[in-house]
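Form predicted alone, single chain, as structure tokens, below.
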């Protein structure tokens, strides 16, 4: 079973680490290449001619990854094949790979909420298997250069299983031109401001323009992007970290869902049918003034081929609620399949280590990826070029990696929330009755899983 750490202690530690980074470590630039005596080419020599298969998503970070793979292949002689999935299909595909022992994938892409499932099932190899091997371990890997919250997100029972890649925070994207026209010189800092102060002035239904859009499609988008975004900030949580008693019908949860419902007048109709692509497109076309979306979507909103708002695009931290400023937190790591032959495991680790390295991080950012490397994310030149970096880094100082539970039962829990959460948002189910149903069903899941005695 998962070992919890007090949320406050996590945040204090993360804030201290980030402060130290911002005022000290940030001046150090990523070191290209490895320390003397070790090279990627030499380490990869025994695996030359090996082909490894890696899972990727249809998102900007993986477009960047694919663009850089030829560098790795040229240096190592290892061939990297990729299989692309939409997010909604990736977990099912990887799980089927494991339970059928098909050995289809060597490099496993893990959402942080899948960490418990993969680790408990022993489907992935502890990172120390490779980092303790001097023939494979790059002395320049520098785990301390990763943001602490991201390393912790891929630990299970204090064992590290993956290296972060494609690391997100929820951010407030806003059209500064529309805000200025409405009389605002800066974005809202609280949800109440967004609704009450900015909403009326930025919504013109007759013109088909709205102040805000919240991606809420039934599925993980409903659970994570819509429901959870208004859970923590208003005083709710998934469950008590000590007793696992669910808190999804608590007064804070009720307040959060009531507030979400109150945003309907300043949002486009049919928002419960909209996923990330639709909401990002609404903003890119100038139809909405503000969205709260993942940091990875900066690339899309800044794309000259698809976005009409590039010159007006600005980024800020997510608005705070009355109980907390608890921004959306999500992302991925690469792990090594325990079912792959040893030679493929070693070759896969060399690829993951290279992809997540300090030297490659700036290249990835410049090609549209989002990384969790301190040196790259706080590089002054990159921060100036990519305005999403500053608010993202600031939010990681107090991010909660259990913003969505990482326990193996989470997929079942997510389905419950997606089902009733969508009904609540559509108005076909009352807020309190709906939350009671969610709470009761999740209590049953946690009881069956042995978390509640």
Partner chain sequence: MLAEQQRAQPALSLPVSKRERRQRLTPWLFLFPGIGVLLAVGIYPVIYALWASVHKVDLVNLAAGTPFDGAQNYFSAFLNSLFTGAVARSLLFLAISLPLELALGMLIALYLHGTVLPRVRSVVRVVLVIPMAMTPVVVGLIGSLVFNNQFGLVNYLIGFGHMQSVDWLGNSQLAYLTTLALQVWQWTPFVTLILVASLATVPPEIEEALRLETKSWLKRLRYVQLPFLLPGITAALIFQTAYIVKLFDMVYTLTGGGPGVSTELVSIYIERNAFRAFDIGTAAAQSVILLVITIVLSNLYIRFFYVEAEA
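Small disclaimer: the values here were computed from a predicted structure and weren't measured. Numbering follows the first chain given and starts at 1.
FYI, the form predicted in complex with its partner chain isn't displayed, but the following is about it.
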With its partner chain left out of view, choose which of 50, 395, 400, 423 has a non-hydrogen atom within 4.5 angstroms of it in the predicted complex.
-> 423
Of these, 324, 272, 254, 316, which has a heavy atom no more than 4.5 Å from its partner chain in the predicted complex?
-> 272
Which one of these stretches, 139-147, 191-199, 362-370, 83-91, sits within 4.5 Å of its partner chain in the predicted complex when only heavy atoms are counted?
-> 83-91
Non-hydrogen atom within 4.5 Å of its partner chain in the predicted complex for each of 117, 219 and 411 | yes
Contact flag, residue 382 vs its partner chain in the predicted complex, heavy atom cut 4.5 Å | no
Determine whether any heavy atom of residue 96 comes within 4.5 Å of a heavy atom of its partner chain in the predicted complex, and answer yes or no.
-> yes
Residue 121: touches its partner chain in the predicted complex, heavy atom cutoff 4.5 angstroms = yes
Going by a heavy atom distance of 4.5 Å, is residue 443 a contact of its partner chain in the predicted complex?
-> no
